[in-house]
Structures are given as structure tokens and as C-alpha cells.
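Take a look at this single chain in C-alpha cells; it is the form predicted on its own.
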């Protein structure tokens, strides 16, 4: 278990950009092959309504660059002040080179800026924050963290198990050295469950072939290629409710902050049912655990914590000092949480992608 704490490091801005296409689940009912009963069951258990995905040719870096430029255009932070750019994604522009280095040039950041990708999904926001805080702790002044995925890139077009859940989003977070209270992090990983969320083919273990690109009907009823993401929903649900409540209890204990002192528990937005179950096990007030992001925007992977803040907590973050608990969990398997403070930061409403 990795438990770490930092002092005088804080978030100063959070922005999120979602895909340019809003799709209602009702419109996709026929495409995914849902009958009336299974469709109503899906809506009841997941509370899904709409999701935002990108048009063809738009990448995760496009979403994150729009988010980052919104910070530079609306705050006093200058591009030449950025010491590092960290990009958390599982849908990079290319297998090589690192997308973060390309983003450094596109954003006009100095060549002295460190830039690299971090290959993580749903836990990636907290892992990325931890890495950024560590860099500030080592002597840097400002780190730009970008997180997100174009989930539609690795979602089977007719995979009714996974695809209806997913949305496309990219966020940008500015982390600075500035006077602030202590922040606390706890991170975990367990590779024994890697097969529960996996793209089986398309890399070195299972290279691309004609066969891996053919959509096939699977045992779970989904139609997908070997190069689309597979999710064992039952195992992922069990993993989430088994690991996240103890994780949050542990980070609160190590930070010596009682749950009632936390203004919001902003968790990875897997789906509302998982979040309701976690909140119930933690016995925290329901209004402290926002859970509507996946219903409106879809599961945004590593961008979902930022997406929730910009989507539903913008006014609170921009006008108040807040004590917060963030937690991400998923592919890997990996899970992580942090407790920190945000004080009147720049956190505008979610924006759709535009050219």
C-alpha cells in the first residue's frame, strides 16, 4: 500500500471537454439488439440516458488541448511557466511517439517542459494527480495534467455490454506550488485481475490479424472484435464494492479527517448503481456523492472525476474552499484515492468539443 502526503501543493484549475455528438440511448436500442424488457432493465440498473462521443477523426489529445487552452485563455497562468505535461490515456494518437510530447508542441509549451504519457484508465486521474504532486514536491512550480479517452475508439459498434456505457472526454488540471493544507494519497494495484477489463488483441501478446478485426457474437451477448475492450461486468462490480469503501475509509483515517468534514466524495463515474452501493457502504450523505455523470455523458474513464466537477459542482468549486475525497478504480486492476483541499479554483462548466 502506497500512502503519501504533500504540503503546499494545490489544484488551481480544472476543465473538461466532451465529444461533439450527443446520443440518446433510445436511439441505439435497435443497433444493439435490445428487446423492450432488456432495454428497460438496462435503464433501471444503470440509469443511462445520453452519452457524448466524438465525430470521426477527433482524438483524445484534441479534447484535452481544448480543455488546456481554456485554462490558459481564462486565467493568469502562462504557458512558459509549465514545467511538465502529463497525459493519462489509453487512446493515444499513435503507438509511438508519446502523445504528450506532441501536445507540448501543439499547446506552445516550452521545450524545457517534461512531457510523457501514463497508460491508465479509470484510476488514472488520482494516479496522475499523485505524479504531478510528486513533481511539484521535487521542486517544479507548475504541472499540467491531462486525462481522458476516446472510448468509442475501442468500443465495439454493436457491443451492447460495454459500448452503451461509454462516453468520450478529455480534461486538463493545473497543479501548482502554493500555500495549502496537506494532501494525502493512497494507491493500489492488482494485476491478477487484468483479464476482467482488457483489449485482448492488437499488441505484442496477440498481434493484429485479419481474424482479430472481425466482429463476433460473444458468450455474453456482445458483438465485438478481439481488438475491442472486453469487460467482465460482474467481476468489475465485485471489485469496486470490495475495494473502494475500505480504500476511502483508510485514506480518511490516515489523513485524520472524519467523513462528515468532507464536502464531496467525487468518485470515478462507472455507473450510478456502483456509486450508490459504495455510498451506502460508507454511510455518507447521498448529496455528497455526485453520481449523474455516466447517465448524462457516459463513463469518461480517467476524465470522469474532472467531468463530474465541471458538470455538476462548478459553482461550488469556483466560490468555496472545499475539503474533498477523490477515488478512481478500474482497469489493471488498480484503485487509488486522495484527500485534498480546493480553494476557489477555476472550474467552468463542461464544454462540447468544437473545431
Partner chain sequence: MLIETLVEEAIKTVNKEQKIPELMHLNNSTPLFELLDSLGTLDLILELEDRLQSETNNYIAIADEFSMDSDKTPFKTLSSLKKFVQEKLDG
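Residue numbers count along the first chain shown, from 1. All of these numbers come straight from a predicted model, not from anything done at the bench.
The same protein also has a form predicted together with the partner chain, omitted here; what follows describes it.
Scanning 69, 292, 38, 50 against the partner chain in the predicted bound form with a 4.5 Å heavy atom cut-off leaves one residue, 38. Interface residue among 238, 181, 209, 74 relative to the partner chain in the predicted bound form, by the heavy atom within 4.5 Å criterion: 238. Using a 4.5 Å cut-off to the partner chain in the predicted bound form, each of 45, 242 and 277 places a heavy atom inside that distance. Looking at 228-236, 143-151, 259-267, 97-105, the stretch with residues near the partner chain in the predicted bound form, meaning non-hydrogen atoms within 4.5 angstroms, turns out to be 228-236. Interface residue remark: residue 271 is counted as part of the site for the partner chain in the predicted bound form, having a heavy atom within 4.5 Å. Taking non-hydrogen atoms only, residue 281 approaches the partner chain to within 4.5 angstroms in the predicted bound form.
In the predicted bound form, the partner chain lies beyond 4.5 angstroms of every heavy atom of every residue of 335-355.
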